[in-house]
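Before any questions on binding or motion, here is one chain by itself as structure tokens, the form predicted on its own.
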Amino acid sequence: MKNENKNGCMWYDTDGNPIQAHAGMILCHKDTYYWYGQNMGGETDRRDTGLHRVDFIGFSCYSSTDCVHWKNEGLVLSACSEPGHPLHPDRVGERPKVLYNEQTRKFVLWFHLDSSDYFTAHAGVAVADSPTGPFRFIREISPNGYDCRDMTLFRDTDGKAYLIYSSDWNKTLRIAQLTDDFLDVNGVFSHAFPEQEREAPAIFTKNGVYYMITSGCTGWDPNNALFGTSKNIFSGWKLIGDPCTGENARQTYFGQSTYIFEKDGVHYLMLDHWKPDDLQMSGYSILPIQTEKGHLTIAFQEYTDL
């Protein structure tokens, strides 16, 4: 079905309102797709340091049966006005990712949880009985004792789940296996791309090969994406090259990677198109990924058939 929302621009829900699901992901559960992301529907605080921000509002959820028409399900995890609370509006909550755990029948949410100056660099964990929440905040942690910034979740074909996050002040990506209930790290971890300064990880596997797309660390300014491959999620990662092709490829079409999901046998890359002076109007793209002989190709499309 043709998507009426234009790639590279703001997308709108079934009520005609801007979709507030930035730096998020799409989860398929029982033939319904759920788009989670950061709600940035407030005024942008423009700072001389360049760390423009919106007070933490919470994480939104939108549902769809076709990935084209998105219904607003509201906030699934909201800010807390209690002073000193980890979810206070003066904190940072970004890049929410959700997995469903069949054993516990719970939906588990992980996200980057930080102070407004980005010095704390922790992860937050929450849990819910329903994909549309509400999620209950459980803890703020430093995964395996390391700083955690841009992150994603990945569930492998064997059911094991992993937290993948930028660490060492964005110098290194770390890969941490989660406990069977997905609520914590289990102490088994490794790293990828040391000293390469990669962030915004998005990962999938196909034909026994893991593929990870990442962004360079240039703040709000777009840069060229790179992808790496490995046959073992914990070791052997190699940076290969830029998967994007054509006009504006070296700027990742003026977007930044956030997640890869699969629909009808096709993998799609989600991009955020940041507008640092008005973050609530940052747009989105969803682009199909072509995989051939270990190489990825992602071409920009004005509209994506989903």
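Position 1 is the first residue in the sequence shown; the rest follow in order. Computed from a predicted model, the values in this text were never measured in an experiment.
What comes next is about the form predicted in complex with ligand GAL, which is not displayed.
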Listed range touching ligand GAL, judged in the predicted complex by heavy atoms within 4.5 Å, from 183-191, 101-109, 128-136, 216-224: 216-224
With ligand GAL left out of view, which of Y146, F234, F204, Y118 would have a heavy atom within 4.5 Å of it in the predicted complex? Y118
Would you mind picking the one in D168, E73, E199, E140 that has a heavy atom within 4.5 Å of ligand GAL in the predicted complex? E199
Would Q256 sit within 4.5 Å of ligand GAL in the predicted complex, counting heavy atoms only? yes
For the heavy atom contacts within 4.5 Å of ligand GAL in the predicted complex, list the residues of 149-180 involved, in sequence order. D150
